[in-house]
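What follows is a pair of forms of the same protein chain, given separately as structure tokens and numbered structure 1 and structure 2.
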Structure 1
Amino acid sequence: MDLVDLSTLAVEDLPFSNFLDQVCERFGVDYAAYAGQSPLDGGVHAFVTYPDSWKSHYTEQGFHRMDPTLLTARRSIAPVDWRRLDRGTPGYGKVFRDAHDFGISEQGLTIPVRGPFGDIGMLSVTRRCRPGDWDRLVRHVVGDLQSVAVFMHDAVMRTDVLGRALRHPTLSTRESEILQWVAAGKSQQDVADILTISHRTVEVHLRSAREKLGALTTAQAVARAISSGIIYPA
């Protein structure tokens, strides 16, 4: 199943919660949550698929001020399995004791995202299942979840005017010339041969170009690079 392309929609129509529903379905998790903090106004954007009862309890109790899946996990560069969190802290006890009563599992993973301007985002997923199944699931999806987390974070950060202005894509010469050759119909191997670089070097530059352009696919990246005048239509 394809994920909603957040970057083609007008800001006010962005279906972030819908996007998270699809994340749950695609990756086989019970719930997904995103929280991001803009460095400009310090404003927090949050979207979750949790039941409404847990959402309102969480807000009423002010759990966002003590939730270790937010406060601690943000300081890691790698995804944080919640087993790594210190269960002895008061915050952990409070949040997870209540989460349990609302049927939310203690088995989860938070993916911290760091943006270029000191902005921070976190995508968390949780699933109730046997620990062995959980480990297998995480191993299987962690790479894709990383990409999805950054994609969503960038889309959320672009929703404010300043964020949009700051995030004007700057592609390197290498990234633009590779996109230009792809636009001309060349395969990745062709491009590698033309530029006398390795296939994987082409691949890593394409991945970077897609991310800078907020695109999920290379075709979208090409279209967007053309429309913003970075490359020319073939």
Structure 2
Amino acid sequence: MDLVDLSTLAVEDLPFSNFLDQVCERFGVDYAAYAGQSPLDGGVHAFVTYPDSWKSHYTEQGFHRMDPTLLTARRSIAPVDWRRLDRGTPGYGKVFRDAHDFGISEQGLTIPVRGPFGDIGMLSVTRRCRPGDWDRLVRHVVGDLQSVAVFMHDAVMRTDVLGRALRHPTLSTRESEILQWVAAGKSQQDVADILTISHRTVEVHLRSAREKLGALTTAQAVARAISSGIIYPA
């Protein structure tokens, strides 16, 4: 399951990040984030207002695979208050401990939205304040935030943002390298010898690349990688 930062795609005409900034200002929260889960491959695509340093750390650590705010919201139909998360949930300590180091509060709310095609959207907000102030804020804004969550998920799904993300899968450097050699006509054993890795390792990377590209065969994966500009024709 990959994490695609939608703000890195060429979608200047879709100011969702600016919209989230307005959400922060209107509702008096520190940060806001939208995360959607692809109905095709389970990948996560997102817009966030978090600092770039936290975004980079979150992505590098693969936190989207263990983030309890996302894991719990995917199984819920009601807003999820972070303070009520099970602290024994896998990843809870790691994610929130690191978030604290980046100045992000454990107080937050994630609102899930379920679409008609198996798609899921999640709007999260967080604010560092006294617990009593947080409770009052949530009671005051939760209804409006639910409407905002539905609006944003619907807007993302109605645009081509998700389609662009799915058409531009992110392969690892090694996966791209192996596909490039395969595109040049090299066998798996040839690739293993060239890269000084095992035949088994080559197969593992090829399988991962096929899954990310939604391909049934390696030849199909190569074709899709070329059409997406990930690798080049030999």
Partner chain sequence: MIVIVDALNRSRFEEVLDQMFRLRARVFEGRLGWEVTVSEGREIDQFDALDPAYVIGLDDDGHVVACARLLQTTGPHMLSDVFHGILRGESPLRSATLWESTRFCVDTERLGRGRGPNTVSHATIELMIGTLEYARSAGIEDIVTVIDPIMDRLLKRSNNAPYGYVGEATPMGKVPAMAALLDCTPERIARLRAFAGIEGEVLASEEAALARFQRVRAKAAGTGLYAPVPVAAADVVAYCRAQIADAADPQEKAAALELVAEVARTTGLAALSELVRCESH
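Heads up, when I say rigid core I mean the largest set of C-alphas that superpose within 1.5 Å between the two forms. Residue numbering: sequential along structure 1, first residue numbered 1. Please read all numbers here as calculations on a predicted model, not as lab measurements.
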With both forms of the chain shown on their own, indicate which is the form predicted in complex with the partner chain.
1
Residue 186 CA shift between the two structures in angstrom, with the core used for superposition
71.7
